[in-house]
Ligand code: BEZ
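Quick setup: one chain, the form predicted on its own, written in C-alpha cells, and binding and motion questions come after.
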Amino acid sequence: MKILIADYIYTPQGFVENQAVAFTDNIEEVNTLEVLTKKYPDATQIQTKPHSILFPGFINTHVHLEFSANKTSLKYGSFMPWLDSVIEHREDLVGACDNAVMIKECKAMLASGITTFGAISSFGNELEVCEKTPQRVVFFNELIGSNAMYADMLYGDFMERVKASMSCEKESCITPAVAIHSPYSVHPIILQKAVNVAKEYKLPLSAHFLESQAEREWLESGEGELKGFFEKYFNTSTPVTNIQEFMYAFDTYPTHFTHCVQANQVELDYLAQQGHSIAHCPRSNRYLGCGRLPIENLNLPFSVATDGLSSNDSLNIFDELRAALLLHNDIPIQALANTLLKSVTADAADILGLDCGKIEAGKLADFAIVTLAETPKRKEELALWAILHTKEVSSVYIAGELLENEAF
C-alpha cells in the first residue's frame, strides 16, 4: 500500500485540497492524510513536490503511430493535397517508421502524462511496440477497402489482425478493438461484418467520419475533389455509400467517431441519440484545413485526441489542449479548460470502456503529476494553469507503479 500526497487532487468532483490517495494497483481510498495514515499505518507515504496537482493518467483516444516518421514529407493546409501527399510518400514513411521510432513517440506521450492511448492500426505493425510500451493501449484494428471484389480478402486480413491483438498477453495491457477507416474507403458489406465483430466480442469501435468538405461532397453527390482522387487511383467515380447509410450502420453499437468537423447539427444530434461519441483533434483539423468542431453545440461526449504525426507536430496531450483553448475562442476560457481536462480523463475512459480516468476508490491507479511553478492564487483557475504551463509531467504511475525517468 502507498499513500500519495499532493497539494491538489483532480477528482470527479473537481479539484480538492487537504486530501491524499491510498492505492496498490487500484485506488483504495481518497481521504485526509490523517485518516489514511490511521487506516493504513504500514503504507509508504509519497510526498509530491510543492505546487503539485495529482491527475488521473491522461487518455489519448486516437493516435496513428505508423506515420511517426513524418516531419516535412506531407503537405498541410488543405485535405486533398495532404491526401495526395500521403499516397505519394506512404511507402517511404511507413518504411522509415520502425519500432524505435514508434517507441520514441510512445515515450513522448508518456512524458506528457498519457498513460492510455487508442492506437489506430492499418497493418498491425504497431502491435509489438504496443505490447512493449508501459501504457495501456486500446488497439484499434482498422478496416479499409472499398472494392467489393476484394471484400473477402480484406476481411480475412482484418480478422487475422483482430485475433493477433486478442492473443496478446494480459501483462501487455492491450485491449483489442475495431476501427473503420472512413465512409468513402470501406464497402458496406465488410463494414457491417466488422461492426458485427465488435458487437460479438464487445470490442471498442471507432470510425473516421466527415473530416473534410471533400468527403461530404463526395458522399452527398459523388462530385468534388475526391471524385478525381478515386478516378485516378481506384478507377471508379461512384461512392460506395452515403452519409446516412454509413451512420445507420452503427445504430446498435456505441461508436467513437473521429473528427466530424463537417457534420451538420442534424447529424450530430443523431449521433448523440444513438449513444455515440467524438474524438476531437484540433491541431489535425486546423493543419489539414478541415474546419472546427463546434463543441459548444455538442450534446454527446467527446475526447480531445492528438491524431497521428501524419497531421500533427507532436503527440503531447498538453500541446493539443492548448490548441483547443485557442481554437474554441468563443467559450469562456476557465469553463473550457475544465471541460478539456475532463475530456482526456473521465470522459475518455467512459468512451473507451476503461476502468481508469478518475481518482476515486476502485479505479486503476494510473496517475500523472503536474507541478506548477508557484502556488496558484485561485483554485478555480487550476485547470487553466495546468494546461498553459505544462509541457511534461513530473511523475507518472501506471497500475500503482512509478515509472522511472528513463521510461520517458
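This structure is a prediction, so every number in the text was calculated from the model and none was measured. Residue indices: 1-based, along the sequence shown.
What follows is about the form predicted together with the named molecule, which we do not show.
Shown without its partner, this chain lists Met166, Met153, Ile144, Ala96 as candidates; in the predicted bound form, only Ile144 has a non-hydrogen atom within 4.5 angstroms of the named molecule. For the options Lys75, Arg90, Lys107, Lys193, the one in contact with the named molecule in the predicted bound form, meaning a heavy atom within 4.5 Å, is Arg90. In the predicted bound form, the named molecule sits within 4.5 Å of a heavy atom of Ser185. The named molecule is not shown here, but in the predicted bound form it comes within 4.5 Å of a heavy atom of Phe229.
Residues placing heavy atoms within 4.5 Å of the named molecule in the predicted bound form fall in a single listed stretch, namely 144 to 152, out of 98 to 106, 144 to 152, 300 to 308, 123 to 131. Residues are counted as partner-facing when one of their heavy atoms sits within 4.5 Å of the named molecule in the predicted bound form; in 122 to 141 not one qualifies.
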